[in-house]
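Here we start with a single chain on its own, the form predicted alone, put down as structure tokens.
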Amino acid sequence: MSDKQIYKPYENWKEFNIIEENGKKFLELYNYKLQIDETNYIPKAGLLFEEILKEKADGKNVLDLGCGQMGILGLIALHYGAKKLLSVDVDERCIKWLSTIIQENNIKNIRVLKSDMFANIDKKEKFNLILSNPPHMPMKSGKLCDSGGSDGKKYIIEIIKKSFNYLEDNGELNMMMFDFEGTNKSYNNDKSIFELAKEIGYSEIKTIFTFEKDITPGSVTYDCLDYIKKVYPKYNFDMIKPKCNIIINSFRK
């Protein structure tokens, strides 16, 4: 016998089920049951990747970079037909938790690897699709899962640079970030993300999915807002609702 409750990660987004069995909670994702830890943390932003992966994952060799303990991005890709999946994280606890989820759900065609970014990935290995929802909150200090450094772009830029050498011809990097961090337009004196990606050698850089996000009291973004406004002074937070962007960077088309 299991108890079921509705989980709605965003007001204008789809609903999911959370079930409780034998004192444990699980997020139902397609035919997977993903155990939720004692903190009740669910990386809800990763669920937004469904909008692009249902069109892109089929037959692909996929890397989920910074998979976290539930590996949501990669599991969505598998559900939509990914041929192979490598899920990577630097946190040993995440690796163990996801490994248990894989075993309990009898998930095939997936490898899990502890690695700081690409450090332990074979340099000869290539992917059709690299996915990442990196820590990208601008903050001076904070939790590893949130803090993207002083401007929020520490890992974003590193991933864009290093992914280039791990992508197949026509391969794609799909990554989440905030628009105020400067995707196609800079909101401080730095270059935009698109400009940096073009300099590295990506041939096509564009936003493929946008989700507007309210800044609510108690959220990490709300708590950091005064600091973020100083880092990105050209972004009008009073007039524009911040957006989560998933961008696609593809090359050698």
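Counting begins at 1, following the sequence as shown. As the structure is a computational prediction, the values presented were derived from the model and not from experiment.
FYI, the form predicted in complex with a small molecule isn't displayed, but the following is about it.
Partner-contacting position among Asn128, Asn133, Thr183, Ser163 - heavy atom within 4.5 Å of the small molecule in the predicted bound form: The option sitting close enough to the partner is Asn133.
With the small molecule left out of view, choose which of Leu85, Leu98, Leu173, Leu73 has a non-hydrogen atom within 4.5 angstroms of it in the predicted bound form. The residue from Leu85, Leu98, Leu173, Leu73 that makes the contact is Leu73.
Only one of these stretches, 144 to 152, 164 to 172, 101 to 109, 77 to 85, has heavy atoms within 4.5 Å of the small molecule in the predicted bound form; which one is it? It is the stretch 144 to 152.
Give a yes/no on whether Cys67 approaches the small molecule to within 4.5 Å in the predicted bound form, heavy atoms considered. Although the small molecule is absent here, Cys67 would touch it in the predicted bound form, with heavy atoms inside 4.5 Å.
Decide whether Tyr41 counts as a contact residue for the small molecule in the predicted bound form under a heavy atom distance cut-off of 4.5 Å. Contact with the small molecule, yes.
Find out whether any non-hydrogen atom of Val90 is located within 4.5 angstroms of the small molecule in the predicted bound form, and reply yes or no. Yes, contact at 4.5 Å.
In the predicted bound form, is there a heavy atom of the small molecule that lies within 4.5 Å of any heavy atom of Asp122, even though the partner is absent here? It does not: once the small molecule is placed as it appears in the predicted bound form, Asp122 has no heavy atom within 4.5 Å of it.
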